[in-house]
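Listed next as structure tokens is one chain, alone, in the form predicted on its own.
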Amino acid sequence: MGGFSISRDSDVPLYRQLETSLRDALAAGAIPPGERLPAIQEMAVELHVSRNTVRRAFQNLAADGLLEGSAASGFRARGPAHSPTPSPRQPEFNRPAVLEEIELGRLRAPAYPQPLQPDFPDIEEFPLKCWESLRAQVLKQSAPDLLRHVEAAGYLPLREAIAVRLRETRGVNCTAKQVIVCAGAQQALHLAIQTLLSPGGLVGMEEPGRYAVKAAFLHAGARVLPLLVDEEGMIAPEARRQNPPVLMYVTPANQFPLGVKLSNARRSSLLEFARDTFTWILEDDSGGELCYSGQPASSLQGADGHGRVVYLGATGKTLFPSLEIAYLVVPPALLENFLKTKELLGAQPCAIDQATLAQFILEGHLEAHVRRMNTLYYQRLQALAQSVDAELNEFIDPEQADGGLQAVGWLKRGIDEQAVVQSASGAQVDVRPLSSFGRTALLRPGVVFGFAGSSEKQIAAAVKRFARTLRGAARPNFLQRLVGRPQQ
């Protein structure tokens, strides 16, 4: 194993130099199949480099199928001379049992949402006439092609339009080749899961966070590690560097449901953690353009210099939910595996819709629609804050949101969350308890309001109705129960 040299004067990172030397030695047969490589510590001492340098070189070669083993057990050159030790038997994954635990009602999005429902856009303001005109135009020009199957990655003109727009508006570093069009955000999530995860794999996700995302991870047999969220966003799991998650799911531009942005310090630490531990990051930016103060936060993917971030975008929040077009931007090293999985999963959005969306983007209609909706949603958010402050001041402190389709209201001390939610149901408004998105991170109980799908007048009327029910005019002892005090 002698003869390896490291040049500290080179611009090439040390681990890349070692990786290249080992790759050449394996290709030349200097390291025969089955031969054990020196321990990471031993080689680090011999070459006067850090253990991380050696570990990264070994793990990269293992990822390419040239080595087998792990940092804990040691690495060997892959080949028939070595019969790997069977791994410890994992508990059998029982998908039917997992499905029994998943709540169908929490996965379904109602077709006709109640007032104040979180995470629902305004569909009445969508420029439908423009969309139908573009649809007729693309059918007239390309009907035969659009009635055939398109390739697994999606309709190429749409992928090109998405790539250009993501570079210009979200700071995403990508080409059209890296874009894979999916039949909705949930299929995009499953595509990432089926490509990157095996049953028993550890996944880190925000706590509190989206129930449907957690359910998808559990359905795949993953073990979910809650990663706490505070006012700076998700906290990287530094204590798990020796046993890191395979994948971390994060919504950095506007965390759901708390609405916080991932701070610059947290962005750096998350990307550093992913780089050092070879963890993948799934960045869900499906609501990232909805920003009501200043400029939207740029994508996490755009700051990733090591190809560890898979970017997820969708149209359901910016256009209309039933369009069901989402997309992933995949690091080049993963592209072939993602395309294989996409072929196996099947299901492609209608090519006519994909072509229509491509024209909608290219002619600037999407950009204009997002700008208009940001202005409208800001006005509705202000109407919600004013109504809550005026009508619910004795119960709820509204948190000022600056993006997304939801806002948090913190309950005043002693107010019972479930009693508030029951009153909302009685008032026929859809206010969700914050605890329904995860309990671990909650320091204070609260509720989640929606505001985007209702007019200012409807918001004011819904909050007034909610407040009237909360005060329990028809139930004399309601306030005693609301604040958790026994009846006198």
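Sequential numbering from 1, following the sequence displayed. It should be emphasised that the depicted structure is a prediction, and the values quoted were computed from it without experimental measurement.
The following text describes the form predicted together with a further copy of the same chain, which does not appear among the structures shown.
You can rule out all but one of 291-299, 162-170, 323-331, 387-395: in the model of the complex, only 323-331 has residues with a heavy atom within 4.5 Å of a further copy of the same chain. Residue contact with a further copy of the same chain in the model of the complex: N264 places no heavy atom within 4.5 Å of it. When a further copy of the same chain is considered in the model of the complex, A239 lies well away from it, no heavy atom lying within 4.5 Å.
Among heavy atoms of D353, some come within 4.5 Å of a further copy of the same chain in the model of the complex. Interface membership of E336, defined by any non-hydrogen atom within 4.5 Å of a further copy of the same chain in the model of the complex, is confirmed. For the candidate set T318, S269, Q114, Q187, a heavy atom within 4.5 Å of a further copy of the same chain in the model of the complex is found for exactly one residue, namely Q187.
For the partner-free chain shown, E336, N337, L339, K340, T341, E343, L344 of 326-344 come within 4.5 angstroms of a further copy of the same chain in the model of the complex, judged by any non-hydrogen atom.
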